[in-house]
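In the block that follows, a single chain appears as structure tokens, in the form predicted alone.
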């Protein structure tokens, strides 16, 4: 019996080797290389294999990095909050109010994702620019007399474009969770005299916690490393850590770029653990 069990375990290990090798080559080995480079002196164009913590000392002592990090966190949290505020009512309407057309409308919400990412960002440059569609519309209806500059090359522009970019990824998790809630739960809550607010707080909100955790992993964490959107529409007030990392790496300052990348990786891991602690590990496997 033990021989049969050992044989089965050996087969499982052997069958898992391609997956382990694939993940190691594409994920773990690059991270190890990134970590090793981050502990080398900050040289341009070359990697000098001498151990130093100079890059990390610079990260923790240079106020510029603090300001950009706080700016990154603020932009991402603002975008995530607005995405939830906008995405949840849409998902609720599709899943609970208009179920007949809900799934069909959902397809139309997902279609824009198929358009090239950079094309969508450049389209927003045209819309939000000083002489863009938004300013022309505001002037034509008499709300402003001259073009507004707050919508372009600012953190507000970054938040707007992030909302457009990630909204389908917020609506879908909410929709999946909301459509699975049985009507009997709402009927029972109403029979017991619960108000709409109480039903939302005691029935709906606990059952959509897996969706919120999914949104954190699908939207919030990837947004922390965003560089194309803040680079194209952010300006100085919309500068994010991803732009800074891209500038260092594209300028062949690999050591400091690797240190900032690994620093951002640690932040995302810490955020992941905090969210799992808040919502519970079982939410990862809940519908």
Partner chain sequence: MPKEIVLKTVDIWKKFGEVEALKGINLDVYRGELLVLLGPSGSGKSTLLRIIAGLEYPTSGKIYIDGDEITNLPPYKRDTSMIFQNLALFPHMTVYDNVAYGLKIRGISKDVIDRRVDEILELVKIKHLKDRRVTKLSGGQQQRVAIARSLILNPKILLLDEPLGALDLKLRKELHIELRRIHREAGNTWIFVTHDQEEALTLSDRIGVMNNGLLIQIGDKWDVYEQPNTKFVAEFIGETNLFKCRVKNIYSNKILAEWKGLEIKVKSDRRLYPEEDIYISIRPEYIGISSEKPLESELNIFHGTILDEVFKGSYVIYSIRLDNNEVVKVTVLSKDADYDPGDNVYLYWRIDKGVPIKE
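Residue numbers count along the first chain shown, from 1. The model shown is predicted, which means the values in this text are computed figures rather than measured ones.
Missing here is the form predicted together with the partner chain; even so, the following discussion is about that form.
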Handout entry: Option from 184-192, 119-127, 83-91, 141-149 whose residues, in the predicted bound form, bring a heavy atom within 4.5 Å of the partner chain
Key = 184-192
Practice task
Taking 4.5 Å between heavy atoms as the contact cutoff, choose which of 203, 216, 176, 156 touches the partner chain in the predicted bound form.
Solution key: 203
Fill in the blank from the handout: Students should find that, of 134, 167, 105, 207, the residue having a non-hydrogen atom no more than 4.5 angstroms from the partner chain in the predicted bound form is 207
Exercise for the section: Although the partner chain is absent from this view, report whether residue 98 comes within 4.5 Å of it in the predicted bound form, heavy atoms only. Expected result: no
